[in-house]
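What follows is one chain in structure tokens, specifically the form predicted on its own.
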Amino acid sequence: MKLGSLEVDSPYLLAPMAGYTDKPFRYICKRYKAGLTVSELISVNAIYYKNTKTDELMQKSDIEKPFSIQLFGADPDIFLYAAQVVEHRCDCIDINAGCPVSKVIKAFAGSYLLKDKKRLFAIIDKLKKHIKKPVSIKLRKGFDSYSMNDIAFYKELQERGIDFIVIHPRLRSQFFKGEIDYEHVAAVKEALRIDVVVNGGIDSVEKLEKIKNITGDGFFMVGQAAIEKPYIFEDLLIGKDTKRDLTFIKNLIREHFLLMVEHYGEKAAVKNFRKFFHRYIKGINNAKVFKSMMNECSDSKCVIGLINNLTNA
């Protein structure tokens, strides 16, 4: 199937999430049939000023096909420079016009671009003129209740050549809480020729079916739920919410941790893996105790031993 011009083997896509969608985690999700993987959001300024840490965010595994790099920034010329630098490393460039965090907004980037559409259009025009790879955009339904996106805005994105749109149908002012307006996405899908991806609140097959009743079939992007159960992509494909046993979960945790050791080195992997470990063991007996023990681990031997000793007893 095609998402814009990208060949994907599943309509269920992994959302970009700062601090989470690194190479090891994306590999895990791709192995469980995520149709598209996307990098963490990457600053165009960091690329322009050659920040050495930025390269790590763009590294991908061989099985990530297609792979998109998400960029955020405010200056159209710097945005183009960054896109040209990374274009050979991905299959798609994604413009972030949805991030709600204050430091991004203060830089006139992320969802601020929904208030400054002239700047957003200038970025799109630069990229579509000079970038050969597909260009997508991920955004919210508006900045606040006074600046909601209308259908004319989405049609303008389409006419300027955006290949597909991902909508998280909350306002920037809602951050990650409050009602998700799936009817907004349904209206946009009805009005446009290009693909419109639904993002937000998809945590089970049951929830997906409720959303589909509003938006219709198509493409869907999963974020937070994938951190706890990256196999959700497999569940969505087979149309059944599965309950994985503890042996499965332990093997998954172990595999993920070892991938992080390979990617980051032991010391950084132990530190960076804590947030994943805490989410993986959510709901098991004595989870609080295991989380505390994980926070005290400082080497691989400790982490592997802790994983091996996980129990529901």
Ligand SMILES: Cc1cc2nc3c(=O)[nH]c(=O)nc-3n(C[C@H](O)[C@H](O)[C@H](O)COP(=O)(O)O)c2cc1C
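Numbers for residues come from their place in the sequence shown, where the first is 1. Since we're looking at a predicted model, the values are computed, not measured.
We do not show the form predicted in complex with this ligand, though everything after this point is about it.
- Contact with this ligand, judged by heavy atoms within 4.5 Å in the predicted complex, is confined among 200-208, 82-90, 144-152, 119-127 to 200-208.
- The contact residue chosen from 29, 44, 41, 281 relative to this ligand in the predicted complex is 41, the criterion being a non-hydrogen atom within 4.5 angstroms.
- Although the partner is absent here, residue 24 is not a contact residue: none of its heavy atoms lies within 4.5 angstroms of this ligand in the predicted complex.
- Taking the partner from the other structure, this ligand in the predicted complex has no heavy atom within 4.5 Å of any heavy atom of residue 108.
- Interface residue remark: residue 134 is not counted as part of the site for this ligand in the predicted complex, having no heavy atom within 4.5 Å.
- Shown alone here, residue 76 lies farther than 4.5 Å from this ligand in the predicted complex, counting heavy atoms only.
- When contacts are defined as a non-hydrogen atom within 4.5 Å, none of 33, 60 and 233 contacts this ligand in the predicted complex.
- Looking at 56-79, the one residue that comes within 4.5 Å of this ligand in the predicted complex, counting any heavy atom, is 70.
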